[in-house]
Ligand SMILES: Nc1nc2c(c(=O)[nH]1)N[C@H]1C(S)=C(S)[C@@H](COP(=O)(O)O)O[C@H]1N2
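The chain that follows stands alone, in the form predicted alone, written as structure tokens.
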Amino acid sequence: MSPRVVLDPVGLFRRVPLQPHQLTEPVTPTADVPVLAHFGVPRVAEAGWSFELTGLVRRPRTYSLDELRGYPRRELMAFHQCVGNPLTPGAPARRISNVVWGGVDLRTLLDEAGVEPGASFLWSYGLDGGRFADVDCEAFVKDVRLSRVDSGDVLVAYELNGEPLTAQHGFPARLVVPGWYGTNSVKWLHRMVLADRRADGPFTTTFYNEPPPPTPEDPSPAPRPVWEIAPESVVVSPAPGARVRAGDEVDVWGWAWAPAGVRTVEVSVGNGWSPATVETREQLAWQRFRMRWRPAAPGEVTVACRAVDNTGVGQPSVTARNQVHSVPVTVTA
């Protein structure tokens, strides 16, 4: 059971400060990072706060914030994406940011605790709980396969962009699973449990689950958890409704991201697809793409982009959370 905390505000809280065309900064300022709190925002005092690591470990531990700060500090730049509303799964949300996390490598804590051979999942509990979509939930809990932790870069973070976490972003500490949708990076961390199975709870069994695409062999596949982020890209410039002149050179650019890194981005300016230049990725950050376009004649043009990751997976045209992003542009004489 989670200790009682004050929620302020109480109830579903959502903040999406920026639309794609406003994502002009390589590192998103903390005030512009999207927030989704299902039950409200816990207000937690550092004094007296701790989280425990227990379950299938040989040496259970409890950590204060000062103790976490005493471990070697890991800093990681990574894209961070909110999956969107769990009540409308599959709808494009474009709630994306690129930030720098600071904290402790979770693998360090697990090695210190001594993981038992039967453990295959890590359950993480937040201090938030209540009622969401007519479902009661004592505490927000999510799970992650230990194989994902073993692959690296999973943090217990206490900093965002070089400063302590704000209340809205999970102070005093939160889990960060880069490359997975933000719902899996549990905020207001309270407890971690090593287990031999998936966690029970509405946010692992009901919300943030969706069926994979049907196949001839399995036309009605069972729902699967929304874990890894799908490859995606957005047009930053030109902005929706922009007016550009025929004959002028237009700088078309945006951001692309994927857990495996982005291999290619193509841009359409109404007449097929052309390759864009893609910057090399820094750590696990998003990647800027750019293409020069010289519109030939006046008219209405749709500018669109699509990314392909380093495993060959790309963005679908329609009916998907990561479907191709496009903006209308007017070309004037």
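All values derive from a computational prediction rather than experimental measurement. We number the residues from 1 along the sequence you see.
Note that the form predicted in complex with this ligand isn't included here; everything after this is about it.
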| item | value |
| --- | --- |
| The single option of L65, A304, V57, L36 touching this ligand in the model of the complex, heavy atom within 4.5 Å | L36 |
| Position in contact with this ligand when the complex is considered in the model of the complex, options A113, C82, A199, L76, heavy atoms within 4.5 Å | C82 |
| W123: touches this ligand in the model of the complex, heavy atom cutoff 4.5 angstroms | no |
| This ligand contact at F140 in the model of the complex, heavy atom, 4.5 Å | yes |
| Proximity of Y208 to this ligand in the model of the complex, heavy atoms at 4.5 Å | yes |
| Partner contact for G182 in the model of the complex: this ligand, 4.5 angstroms, heavy atom | yes |
| Interface segment, criterion being heavy atoms within 4.5 Å of this ligand in the model of the complex, picked from 48-56, 304-312, 260-268, 28-36 | 28-36 |
| Complete contact of E232, W255 and R288 with this ligand in the model of the complex (any heavy atom, 4.5 Å) | no |
| This ligand in the model of the complex - contacting residues of 168-189, heavy atom within 4.5 Å | Q168, H169, R174, G182, T183, S185, V186, K187, W188 |
